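One chain comes next, on its own, written out as structure tokens in the form predicted alone.
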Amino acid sequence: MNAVHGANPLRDAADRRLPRIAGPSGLVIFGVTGDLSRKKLMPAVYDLANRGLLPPGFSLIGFARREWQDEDFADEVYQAVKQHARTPFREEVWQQLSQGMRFVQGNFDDDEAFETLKKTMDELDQAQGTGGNFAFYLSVPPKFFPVVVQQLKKHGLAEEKGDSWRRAVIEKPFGHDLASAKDLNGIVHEVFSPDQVFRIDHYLGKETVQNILALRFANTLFEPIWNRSYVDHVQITMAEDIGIGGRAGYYDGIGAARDVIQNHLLQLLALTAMEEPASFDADALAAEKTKVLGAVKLPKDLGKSTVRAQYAAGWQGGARAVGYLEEDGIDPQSKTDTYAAVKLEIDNRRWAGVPFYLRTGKRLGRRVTEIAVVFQRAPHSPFDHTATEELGQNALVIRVQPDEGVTLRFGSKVPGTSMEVRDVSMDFAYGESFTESSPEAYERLILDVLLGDANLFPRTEEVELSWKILDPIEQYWDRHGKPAQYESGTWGPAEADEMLARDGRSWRRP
């Protein structure tokens, strides 16, 4: 039997069908008592363990101000897992995982607490066999990033010894403008080298976002028409049907554009518009995304090509909703945007002249994130106008959430004797095509951190280029009056509809 036929894919380390399992390691979560940790991080750790993707001796350390013992922390994780885990609860998995759980009580500026953390990590190296490999997850407000990373440096916790590794995981926002992003990057890189830093954008961990790459580059069907010769425009939407909830302290002064467009939507734009990478390793992907973001061009008239707005009172889901300025903790004079829409262009050969419309908002019609590639109209030369008057433009819609999948809209003849063409849709849904449910984004991202795989994490250059795009828009808004208003439960302000109408286009209604 020759080597090809005798090869066993189960023994092939490069076989991508095999699950990637993290080696000996541990995770330290700063801010472990927060919502993100309770609803996303701790359940994701359990789900990874339940799927057999964590090593038997995996360790989880919580760091916070609460006066907890290890048992209290384990109980907190247990409750979070029971309430929010994606996979079924299994007692044997929990028992093994809980053996590696520890809690360190203290403030971020508490030297004694960081010394206790160091001792705890050393103890887990011996008891659990973590091999000195730890990732530090900063699930804390950005103002605490500097003090935490400096404390890690001061107490020798960021230092890699021998073959062991140390990594830092940073949640958005990565600054609030270009200057602050550069300052933050400078502080973090004084302690951690660039390849030790993982900036979390949870959208990039979603299966449908990763499927953009497969859709474009694993098929010959779409890529030949993925350019200015066939594409009329692209719409990228992230809509939420909720208000700010209890996040007034964080949200006011930040706003929709900084919270969503600077990271999530510009990353989706980069994946949609980039050239084919030489490979799917982190360096090659980052190189192509950086090229696209560097080629983004702002319109000359920001007044006509950008819109910011705030939700006003209205009806949402059958209940009366208050306006943003009436929310608890919000300054009645606040100019913070809860809706933002911008028109961008990409100054390169593939996309010259094709507008990319990005929009995000709270208290909109429904919760949805999608990328719609809208194609140019056909000339319809063999058809009478009446045959195609109900025909819209062909569109490929990638649904990121919820109902993850892809829809292709095109024209088809209506059954009957006359020639009449109307829009129809072909629909692919993850839930119907695959028996296994998609992992949560944080499962994929935490596993990638432990594996040292940086494919899905924005690099320093991407973050700074994104702020270069958004900063002039924010500065323009600061100089020009108050935000527009839109009624809660609608799809945004009239000004946003007018922005597209001036170009002879209209927003999709997802």
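Numbering starts at 1 and runs along the sequence shown. Model, not experiment: these values are computed from the prediction.
Another form, the form predicted in complex with a small molecule, is not on view; read the next lines as being about it.
With the partner omitted here, the residue from P277, G253, G106, P299 that has a non-hydrogen atom within 4.5 angstroms of the small molecule in the predicted complex is G106. In summary, among the residues V140, V292, I330, V397, the only one with a non-hydrogen atom within 4.5 Å of the small molecule in the predicted complex is V140. Residue heavy atoms within 4.5 Å of the small molecule in the predicted complex occur in exactly one stretch of 319-327, 165-173, 332-340, 371-379, and that stretch is 165-173. In the predicted complex, G34 approaches the small molecule with a heavy atom inside 4.5 Å. Interface membership of R247, defined by any non-hydrogen atom within 4.5 Å of the small molecule in the predicted complex, is confirmed.
The small molecule is not shown here, but in the predicted complex it comes within 4.5 Å of a heavy atom of F145. At least one heavy atom of R65 is located within 4.5 Å of the small molecule in the predicted complex.
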